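Just one chain follows, in the form predicted on its own, and it is written as structure tokens.
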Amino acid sequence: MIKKKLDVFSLIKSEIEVLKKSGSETASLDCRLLLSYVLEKKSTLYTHENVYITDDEIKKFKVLISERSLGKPVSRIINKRNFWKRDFKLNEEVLDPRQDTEVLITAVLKYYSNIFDKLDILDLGSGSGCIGLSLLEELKNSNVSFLDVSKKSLEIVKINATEYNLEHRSAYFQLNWNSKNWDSDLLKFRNKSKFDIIVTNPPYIPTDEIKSLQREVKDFDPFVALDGGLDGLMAYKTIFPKFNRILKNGSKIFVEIGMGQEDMVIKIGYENNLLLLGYEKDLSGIVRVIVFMTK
């Protein structure tokens, strides 16, 4: 197949307009990311660059642009999303990581500034593993257990862990936190060894509100990773009663919440004998993470 030399801008100019008309606010970046993916580039192309490309690759690029114009996120098209300092592979059963969730990482590092501390961390509802694996990159002597109900999610965690040589500090548990004895099963698997830290980004969108979310979210994120029940608090009510059982005394819990949920989540924490340590806000100034401690 003959490759021809073209500049990136001429390749993507018309496709940018297609995406703008479809409502994309990042049309140029979307085009450059998708073109980079088609050409198997390790870094994102810039408009001033020249590339060598075949007619078949141009056709493939246009097909991906068509998918994006129908609302499919770029991360779902290329099955990859940047989070914290790394790119993480995704599949259809994991939540697409958002920048707001990086507040969980900064919150943990605020309380655990010695990167050589040996900590046992539970990433509860781990999805792609981006939270726990990012912490492993920062906390060099720590270990993370990844717990998720989805076998396919844990498969992606393993792939991401292997990609960054973190598998030797990772453990994987397929458990459903809606089952009565998931905490006992977890401790049994770990020979009754408890954790120093829990990090979790549970589903917190009230069921009736999911249909009004952006189509990139409601149509492409797994429903189970979004659905927080009628009031958005179902997951907190389910998992908080287990924390004192699986954590050591004085351990910390870092939990992501939805906008305006802090008072209700704190109340659930108090009802389960947890101490409030503080809040962390996202870039929009919204309380995004609550930090608790076991007594």
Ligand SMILES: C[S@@+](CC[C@H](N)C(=O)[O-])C[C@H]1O[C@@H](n2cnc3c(N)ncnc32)[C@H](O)[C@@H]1O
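Every value quoted in this text rests on a predicted model; they were computed, and no experiment measured them. Sequential numbering from 1, following the sequence displayed.
Form predicted in complex with the ligand: not shown, discussed below.
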Quiz item: Using a 4.5 Å heavy atom cut-off, are C130, N201 and V224 all in contact with the ligand in the predicted complex?
Solution: yes
Exercise. Using the partner position in the predicted complex, report whether L147 sits within 4.5 Å of the ligand, counting heavy atoms only.
Key: yes
Exercise. Although the ligand is absent from this view, report whether Y112 comes within 4.5 Å of it in the predicted complex, heavy atoms only.
Key: no
Quiz item: Do N143 and the ligand share at least one heavy atom pair within 4.5 Å in the predicted complex?
Solution: no
Quiz item: Is W177 a contact residue for the ligand in the predicted complex, using a 4.5 Å heavy atom cut-off?
Solution: yes
Quiz item: Counting only non-hydrogen atoms, which stretch in 189-197, 207-215, 148-156, 161-169 is within 4.5 Å of the ligand in the predicted complex?
Solution: 148-156
Quiz item: Out of I105, L119, L95, I77, which one falls within 4.5 Å of the ligand in the predicted complex, going by heavy atoms?
Solution: L95
Quiz item: What are the residues of 111-126, in order along the chain, with a heavy atom within 4.5 Å of the ligand in the predicted complex?
Solution: D123, G125, S126
